[in-house]
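In structure tokens, the next block holds one chain alone, the form predicted alone.
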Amino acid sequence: MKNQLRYGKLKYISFIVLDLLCLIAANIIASRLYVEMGRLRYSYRVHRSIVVYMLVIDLFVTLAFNTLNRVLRRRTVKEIVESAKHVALSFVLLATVLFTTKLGADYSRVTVYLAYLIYFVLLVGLHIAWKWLLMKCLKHNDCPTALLMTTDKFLQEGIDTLTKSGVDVKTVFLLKALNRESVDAIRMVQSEDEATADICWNMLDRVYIYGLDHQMIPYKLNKACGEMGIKIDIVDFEYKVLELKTIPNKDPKYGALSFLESKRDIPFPIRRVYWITETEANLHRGFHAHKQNCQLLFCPYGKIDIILDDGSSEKKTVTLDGPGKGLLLMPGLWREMVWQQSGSVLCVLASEYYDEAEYIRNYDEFIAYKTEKRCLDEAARSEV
């Protein structure tokens, strides 16, 4: 509830007030219906004290069980299910209170049943109407608003890329938090729960993942976006040359320290590490592509050319010639490694365990795979 109040205080409170008004209205309607149906001398005054119990219990259920979680972005089916849970919990708690205090005989059970039934109908209908009204009145952006999830290494690049494509980045969620409130006037969230609350209550349209492997999308965020009908777009680049952190020693004889940090420099889970040594100059290796495997290549000693081929454009060559330079490779790139210097060492950090079925070793199969993938991507974009 803390995040709901932080990112949508007035909107959240408006739903609580709306729920209480619905409950009062439901009781008024139910008591009148009961009098008309049974032709009984039954006034609303007799029923008024139990309404107080119902209001207190309703507020308790809302706060204790967080039944308004993501209410602003809940889809219709989810809204019906959550509203039913809310009404059922309230009814059970009221029955428990009345049974425990032995006050049940003082009130009309039929009126209570009717009141909760009418309350459920009003709850679903008014929630949907109020959400529509809030979205209509408070959302004025011409371009889509988004949350960007990335690492601090790709932060500025991700913001620039999305801004150029006409996306208004409202929030940033870093894989490794920087403990800052904002960056370039864009608010930052520190956890998955904050991210989902921000998406909901600030009515963001999309979530973009930049520079990260799909495995790094937090489960909670992925599940919450699915429930809210928010699309997660992975903004792919095929490869990226990285400057690895290197700290030279004041005394040259002690050399320099180069290092990599998980969730900052390495945007995927490391499941495999291997290195190639004792090589001769002009050695050619590779000649394959990966379907799922992300890799970070670096050469701590020597000089190695990495020839990259995406199957459609001109081949690119990246030279790794020092410990301060890395090459991040996303899946779907054909690569060839050429040793330019004898004894050069190639180190590889991989996101997947070794699986021969995950490799594409035939170039014609690679072209067919890329063609099929492009067709699927275009079909997905056209649906959106």
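Whichever C-alpha set is largest while still superposing within 1.5 Å between the two forms counts as the rigid core. Residue positions are given as counts along the sequence shown, with the first one as 1. Everything quoted here is computed from the prediction, not taken from an experiment.
We do not show the form predicted together with a small molecule, though everything after this point is about it.
- Residues of just one listed stretch (152-160, 92-100, 266-274, 116-124) have heavy atoms within 4.5 Å of the small molecule in the predicted complex: 266-274.
- Using a 4.5 angstroms threshold between heavy atoms, Arg206 stays clear of the small molecule in the predicted complex.
- In the predicted complex, at least one heavy atom of Tyr359 sits within 4.5 Å of a heavy atom of the small molecule.
- When contacts are judged by a 4.5 Å heavy atom cut-off, Lys240 does not count as touching the small molecule in the predicted complex.
- A residue is said to contact a partner when one of its heavy atoms sits within 4.5 Å of a partner heavy atom; Lys170 fails this definition for the small molecule in the predicted complex, lying far away.
- When the small molecule is considered in the predicted complex, only one residue from Lys131, His288, Arg187, Lys245 comes within 4.5 Å through any heavy atom, namely His288.
- Screening Leu221, Leu72, Leu212, Leu297 for any heavy atom within 4.5 Å of the small molecule in the predicted complex leaves a single hit, Leu297.
- In the core-superposed comparison between the shown form and the other one, the C-alpha atom of Phe287 has shifted by at least 2 angstroms.
- When two forms of a protein are overlaid on their rigid core, residues whose CA moves 2 Å or more are considered shifted, and Met54 is not one of them between the shown form and the other one.
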